[in-house]
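Here's a solo chain for you in C-alpha cells, the form predicted alone.
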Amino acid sequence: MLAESVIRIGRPIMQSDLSLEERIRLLTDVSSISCKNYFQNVIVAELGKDTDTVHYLTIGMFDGDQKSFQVDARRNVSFPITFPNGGNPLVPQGVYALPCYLMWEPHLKKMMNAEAFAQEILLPRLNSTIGYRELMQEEREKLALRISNLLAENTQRFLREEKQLGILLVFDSRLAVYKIKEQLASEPSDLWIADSLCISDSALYLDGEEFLNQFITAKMDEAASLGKAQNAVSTFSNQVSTEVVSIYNKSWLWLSPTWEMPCSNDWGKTDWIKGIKVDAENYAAFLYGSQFLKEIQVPLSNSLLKEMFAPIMSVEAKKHMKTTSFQPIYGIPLVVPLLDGDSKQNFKKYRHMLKNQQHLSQTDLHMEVLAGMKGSIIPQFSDEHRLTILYYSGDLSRGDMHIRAIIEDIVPSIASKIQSILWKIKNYECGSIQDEFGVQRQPLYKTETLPSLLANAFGPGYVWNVLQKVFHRQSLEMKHLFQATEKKLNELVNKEDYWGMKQELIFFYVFMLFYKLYNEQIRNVKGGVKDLADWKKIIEQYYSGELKDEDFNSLENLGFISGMLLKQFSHSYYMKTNKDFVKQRVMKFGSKLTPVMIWQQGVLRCQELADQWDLKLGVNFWGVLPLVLLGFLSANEKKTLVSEKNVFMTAFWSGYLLYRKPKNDNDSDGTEESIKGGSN
C-alpha cells in the first residue's frame, strides 16, 4: 500500500534529531517559493491586557534590482503558514494550528471595513483555529470585531494601491503557542516574532514545540472531517487506538474527497474511516512522509516527455510534435527498508535526498538517468531496501491527481547495474557506433535516460510496462523495435534522407547493445541479438570473400549481407549509368521496399546488368552472390521473407549503410564519396 510506504518513510524523519526550525520548514509552507511574496506584508495584531497594537513587518528584503524578494530564512519559521491546496483560497481552508492566516488582495482591502472583515474574513478563520475552539461563539465574534477594529485603525500603515499579499498573525497571549518573555530570555524552542509594543523590554515568541503539537492536532482534525472512530483498530499498527481517523491529508491531496475513485458508492461524507483507519502516531508519520515526498518530487522535462510519448512509427510526426503538447508528469522516488531497522541511518539518507547535491557520487542512484527525474539523487542503499518509483499527473490543487505508474520492489543493486550500463553506453559506446556509420560524434539525447531509451524502442503505449520489466529483470520482446525501425527507415529512404536513416540505425544499435548488456549483466542470459560488434566479423568476411553457407543461417544475416552486396553493386552501377540502382531498379518512387523486391528486382538482376553494362565488380562480389541467391530461395521456402520482413529490412539497411569500399579493392568502379547514401 502506498500509504504504508509513506508512513515508513515518515517515521524515521519524525523520530530523528531534526531541529525545530527544520521540522516547521518541512511541515509548513514557509519556505515555499509560492509563498515568498506574502512575507512582504506581515501584520501582527498584538492583543494586550490594557491596549492592543499592530506590528507591520517585512520578513526579508528585495535584491539589488528590486525585482525579487528574498525571505529572511531565520525569521519566517515564526510565521508558520500553510498554503491551501484545493478549493477557493479566499475562504478558510482546513483547521488552523494557530491564528496565522494568509491574506490575499481582497482580504487586505476589506480591512478598511472592520465589521465586514470581522464577519466575512476573520471570524470563519477563528472558528477553525485550534486555540479558540473552547471559546463561545459570542466570544469569538467579539474577538474578531476587536481585531478588525484594530486593523481598520492602522490600515494607512500597510495598505497600498498596488496589489498586495500578506500574512495576518494574531498574537493572543492566552494561546499556548505564544509566549511573552523578557528580551534575550528565550529558550531553544522559542521563535522570536517581534519585540512587544504593549509591554516594555519584552518580546513576542512562538513556542515551536507547542506549535508542532497543535499542527499535528489540526491535521488530525482535518482528517477526522472525513471520518473518525473511537477505540478502533488502526490499519497500520494493528492495535486498538483511542481514536483513529481517515487518511485524508489536505496539504497533499492524494486522497481528495472530490475524487470518487477510492470511495465506495455507499459511503457518506464521513465514511472514509471505513476504508483506512490511522492512529495518531502513524498519522504524524504520514504527515512527515507526505511532506518529504512533496519536497523531493520532480517534474519530468518537456523534452523528455516528448521522447516518452511522441509516436515512434513516423519520423515526421515526431518532428512536428511540440514539447509543450504533453501533460506535465511528476516523479517521486520512494526508498523503504524491508524491515524497520536503524531509523537513524534511514533518516540520514533521506536527508541526503533533500539536499541539492553539488558533488555526485558514482555509488548514488541518479534518478535522472534511471527515471528521468532531473536532479533527484538516491544515496547508496543496501539490498535490504526497496525502491519504488511513482509517476503522477494532474493538478493536486484541484484534487485532480492521476497515478500514471507505480514501479515497486526495485532492488537497489539492480538499479545501480542498469545505471552503469547506461553510463557505459553514453560515455564510450555511443560515439563508437556513430563512428561506424560515419556520423560526427554528438550527444544522443534519446539514449541518455532509461525512460527515453525504452520509449523510443517500444513506443509510448508500452513505456511504463517495459520500464517495470527492466527494473524487475524480465525478458523484453524486440518485435516493436524492429517494426518501428523498419517503418522509419522506409519513410526516410523515400525522402533520400540517408543521414536520418543512419541516425535511426545508430539508435537501433545503441539499444541492441543495451539489450545485450542487460541480458548478460542483469539476467545472466547470453546471445539472442546481434549488436554492431557482431556485424564487424561478417563485414570482414565479406570483404575477404570468406563467407560460407553457415553464415546465411539466419534471415538477419541474409538481410545484412544482401545490403552490402547491393551497395557494392550500386557503386559500379552508378559509375556507368549515373543512377542509383536501388532507387531506379529495385524500388519505385514512393513504394515500400520489401525483401521480395530486393531478391527479385535486385539480387537476381545483378548478373544480367553487370554483363549489360560491363560493370567492374570486386572478386568477393561474385563469390557472395550465389550464396545470397541460395539464401533467398531457402528463406522463401520457409516464408520468412514475409513473416520476418522487419528483421530482414533493418539488417539490409544496416549492411547497405555500413558498407565501405575496401582500400585494396582496385577491381570495382566507384568511390565511396561518389555514391549517394555512402557519404555523410
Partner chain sequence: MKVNNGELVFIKAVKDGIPNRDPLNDSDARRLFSEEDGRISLSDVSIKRDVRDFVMELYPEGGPEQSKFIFVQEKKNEAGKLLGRGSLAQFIAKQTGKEKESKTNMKDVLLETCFDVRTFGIVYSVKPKFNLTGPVQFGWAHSMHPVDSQYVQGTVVMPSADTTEEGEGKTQGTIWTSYIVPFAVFIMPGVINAKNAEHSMMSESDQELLLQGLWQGTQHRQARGRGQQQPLSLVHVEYKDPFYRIGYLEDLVFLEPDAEEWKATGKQPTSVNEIKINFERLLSVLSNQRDKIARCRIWCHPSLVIRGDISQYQQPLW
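Treat the numbers as computed from the prediction; the structure is a model and nothing was measured. Residue numbers count along the first chain shown, from 1.
There is also a form predicted in complex with the partner chain; it is not shown, and the following applies to it.
In the predicted complex, Pro337 stays away from the partner chain, with no heavy atom inside 4.5 Å. Although the partner is absent from this view, Ala317 contacts the partner chain in the predicted complex, with a non-hydrogen atom inside 4.5 angstroms.
The partner chain in the predicted complex comes within 4.5 Å of no heavy atom belonging to Gly545. The partner chain is not drawn, but in the predicted complex it has a heavy atom within 4.5 Å of Met321. Only one segment in the set 423-431, 77-85, 123-131, 401-409 has residues whose heavy atoms sit within 4.5 Å of the partner chain in the predicted complex; it is 401-409. Between the options Lys487, Lys576, Lys349, Lys181, the residue in contact with the partner chain in the predicted complex by a heavy atom within 4.5 angstroms is Lys487. When you look in the predicted complex, the only residue of Trp104, Tyr445, Trp267, Trp192 with a non-hydrogen atom within 4.5 Å of the partner chain is Trp267. The candidate spot formed by Ile539, Gly623 and Lys661 lies out of contact with the partner chain in the predicted complex, as no residue has a heavy atom within 4.5 Å of it. Contacts to the partner chain in the predicted complex (heavy atom within 4.5 Å) from stretch 603-636: none.
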